[in-house]
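Shown next are two forms of a single protein chain, provided one at a time as structure tokens under the names structure 1 and structure 2.
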Structure 1
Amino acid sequence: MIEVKNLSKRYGNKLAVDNISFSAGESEILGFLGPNGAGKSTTMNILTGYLSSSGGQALINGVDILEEPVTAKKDIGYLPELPPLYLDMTVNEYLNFVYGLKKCKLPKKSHLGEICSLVKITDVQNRVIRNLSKGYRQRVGLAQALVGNPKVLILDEPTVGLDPKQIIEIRTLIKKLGKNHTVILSSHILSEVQAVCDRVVVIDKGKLVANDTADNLSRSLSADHKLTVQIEGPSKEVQALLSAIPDMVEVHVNRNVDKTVTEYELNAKEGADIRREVFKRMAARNYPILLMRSSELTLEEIFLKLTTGDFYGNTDNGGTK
């Protein structure tokens, strides 16, 4: 559906996108993740034909966006970072304009009506866009991208500026759309990508640093077996007990939950299961375990690890062995 091969974009001396290759298949939701200025929007602008690339190729449905832009653009719905709205038009006028602009052949009234009810803007159809709130403008932008039912949807930070309820609605909508569209979604909100996307592409400083499913990324990067535990008892003694467990690599004191309870982060050797051992040793001294969970990497942590190479970021964990 979408194929990007060795794509590069140079602004003067600065390489904004550096030799990126990835692809997205039919009915796949691809998350595009990266810190600010990583080259997400530039890549999306190239994919939609708004910018040209300095090197490489972008194919939409097998059609090169540079070689045959008009054909390729027919299959794309694009919601840029800032929804491209004409503020002096009403929502209806605007969607009618987009309908004409995209040379859409579907039955006009029912098609536009369907889109309006899908993104829930039916009640503002006759209002001038200038007077709409940010959330509604974002939805009108999304509606615009859906006109003509394009096979590929490219959404640049679609939930920016929405309230939590709207964010959930839009995410559900994107998931629904992903069933019969190819969706590329950029975001720097990691939980969003985790919740919505089948696959994640992480880019940093214009370079591709990861391309995998969110689960795989999480698994492959958390090589050590990690546990987070909260134990009631004198922290020095508990720490010593925990460190004495065979296979234990590292014991971090995360924080003091209250006067008597402390949270620890336990790093065991790869493949070792230390849960029983932890229980037995604490039970023997009568120190209750209040919480125990395996601390798999969240996407947030993967992200930091990939883009800074530092798993704990720059927080002080006061770790001791």
Structure 2
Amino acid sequence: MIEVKNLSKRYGNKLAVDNISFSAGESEILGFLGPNGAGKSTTMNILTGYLSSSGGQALINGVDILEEPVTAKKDIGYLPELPPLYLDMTVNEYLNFVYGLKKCKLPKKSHLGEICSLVKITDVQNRVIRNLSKGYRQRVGLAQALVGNPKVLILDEPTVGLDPKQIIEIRTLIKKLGKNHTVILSSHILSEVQAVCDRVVVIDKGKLVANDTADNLSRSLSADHKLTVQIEGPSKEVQALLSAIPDMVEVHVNRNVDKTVTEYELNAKEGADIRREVFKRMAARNYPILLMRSSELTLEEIFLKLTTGDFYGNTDNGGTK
């Protein structure tokens, strides 16, 4: 649905976006990440037709946004960081205005009614937008992006400034939208990206540095393959059982949590997943596993590692090295 090919954008002598390529398929939620000044906003503005590129292509459902902007934009719903709301209008007036602006051909009453129900703003349809809470304004912003039922949704910081309950509600809504739309989600809340997105693209200094799932990036960037477990049972016997697991390299006793529970650090061969075997062997002896934690990197740690110069992805094939 979205295909970016060798995209570049130059401002005078500054290359803001440097020959990046990535894609997002149908019903995929793609996390788009980058530090401030990385070229992320520039790329999103090119994708939505707000800016022209200096080189390369941005295709929306096979249509070049630069060559055929009107056709391409029909398939795009865009929610910028600051929703484009007219505060003196009621929600109904605003959505009717957007409907006309987009020259939507769908049955107006039922279409707008479905959108309001989906984003849960039916109960505020007749209220002036100025008087709505930040959370409801964000929902109205999402509603305008959905007018016309576009195939692609581009959401820039959709949960910024919201309280925890509102964040969870918007996150749940985005996951629901991802079942029928291609979604590009830009956010500085990396736990949100990890919870919602199928794949992440990271750019830094205008270059693509990663394009993969968070799990694959974590495995490829982790320096070791350790597992920390806390198990209730006789320490020597548990250690012997763990040491006998295939692909186990080393079992190290970290500490005694209490009289019956010991913490172990398990180091397995690269690429080996020993979690199921650990569970089976402990369950067979009725030794409860009270904690199991992987040493693989969180998305926050991945982001920091990718954007501090320690690691760069292979932009030729979209993978990592």
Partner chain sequence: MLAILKREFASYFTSPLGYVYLAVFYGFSGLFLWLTCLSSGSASMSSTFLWMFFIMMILIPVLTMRTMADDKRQKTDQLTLTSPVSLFGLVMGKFLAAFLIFLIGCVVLLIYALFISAAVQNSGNEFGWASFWGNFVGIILMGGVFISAGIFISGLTENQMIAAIGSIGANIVLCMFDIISSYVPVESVSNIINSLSVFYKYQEFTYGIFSLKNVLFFLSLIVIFNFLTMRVAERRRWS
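Reference numbering: structure 1, starting with residue 1. Between two forms, the rigid core is the largest collection of C-alphas that superpose within 1.5 Å. Quick caveat, the model's predicted, so the values are computed rather than measured.
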Between structures 1 and 2, the form predicted on its own corresponds to structure 2
C-alpha of S243 moved at least 2 Å between structures 1 and 2 on rigid core: yes
Superposing on the rigid core, does the Cα of P69 end up 2 Å or more away between structures 1 and 2? no
Could you check, with the core superposed, whether the Cα atom of P80 shifts 2 Å or more between structures 1 and 2? no
Following rigid core superposition, Cα shift of K14 between structures 1 and 2 in Å: 3.0
If I align on the rigid core, how far apart are the two C-alpha positions of E270 between structures 1 and 2? Answer in Å. 5.3
